[in-house]
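Okay, so here's just one chain, in structure tokens, the form predicted alone.
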């Protein structure tokens, strides 16, 4: 598919990117690795007047340690992050999620910031313009109702990042800089729970860094997909444990990840957490696998991931 026409700008600073966004009055999109944005442009799921390329901003490509925090620039590639010795040694859930993301060719292109801020997905949405026109636009595309859940005036698309659930289990924060200044928030708080507009990120804000407390953890990442080499998660589960407490995050099922905190790692608590995750999961028929099977796999992946952490230390 051919890209639509748009103006292209490559910037050297975050301030320059924000200034350009202001100039185009919100009709611009930021681009880092492009592995999520370019397919959306080709499918006419996004039609900006301008694309602002962030790859030239050197400060977004670094990994540094400061006052007990690992600071990861948003433009660090998934491949480079996967091969960072601190990530491999301290954050096994994150390492495994990076290793499970697509293939190494795309890992070398895709960025951690882009992976976090990827749009939600649906089998009725991620199609060509011609297909969508013949089918009829869904609620996420500006139609009157969902094409999966008939007559529903809501979007049930799925947030399919491999890396965000793992980062959430590590109590990660994100730093954002935009038209109103700079702020730092817990990663889980940037999700709106609305598949049509899945993020609470302000218009024009640039995700500049991810901050992780530099504590050694045990962890595991589990992923349900059809093809091991490429696919987005149809359900994924991340677990990170430190000091006898664990954080569990479920993704790939619904418009936002879900976090569960386990304070006592006993059999009853593990079972209750898996049961709660199962009850909270409300999948619909918008992927290549049935909703009933995906719901069942939520509790299965939670139990499997926790047992792996306890048995193997997540390594």
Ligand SMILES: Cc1cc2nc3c(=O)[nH]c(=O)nc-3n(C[C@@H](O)[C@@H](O)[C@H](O)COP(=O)(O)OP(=O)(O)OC[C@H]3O[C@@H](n4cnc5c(N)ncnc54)[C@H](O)[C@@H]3O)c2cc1C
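Numbering follows the first chain given and starts at 1. Small disclaimer: the values here were computed from a predicted structure and weren't measured.
One more form of this protein, predicted in complex with the ligand, exists but is not displayed; see below.
Engineer: The ligand isn't shown here, but in the predicted complex which of 241, 172, 78, 72 has a heavy atom within 4.5 Å of it?
Structural biologist: That would be 78.
Engineer: Counting any non-hydrogen atom inside 4.5 Å, which residue from 37, 281, 256, 63 sits next to the ligand in the predicted complex?
Structural biologist: Checking each option against the ligand in the predicted complex, the one that comes within 4.5 Å is 37.
Engineer: Report whether the minimum heavy atom distance between residue 249 and the ligand in the predicted complex is within 4.5 Å.
Structural biologist: Because no heavy atom of residue 249 falls inside 4.5 Å of the ligand in the predicted complex, the answer is no.
Engineer: Is residue 29 one of the residues lying within 4.5 Å of the ligand in the predicted complex, judged by heavy atom distances?
Structural biologist: Residue 29: yes, in contact with the ligand in the predicted complex.
Engineer: Using a 4.5 angstroms cut-off on non-hydrogen atoms, would residue 162 count as touching the ligand in the predicted complex?
Structural biologist: Residue 162: yes, in contact with the ligand in the predicted complex.
Engineer: Although the ligand is absent from this view, report whether residue 118 comes within 4.5 Å of it in the predicted complex, heavy atoms only.
Structural biologist: Yes, contact at 4.5 Å.
Engineer: Tell me which stretch of 82-90, 182-190, 224-232, 211-219 has a heavy atom within 4.5 angstroms of the ligand in the predicted complex.
Structural biologist: Every other range fails; the passing one is 224-232.
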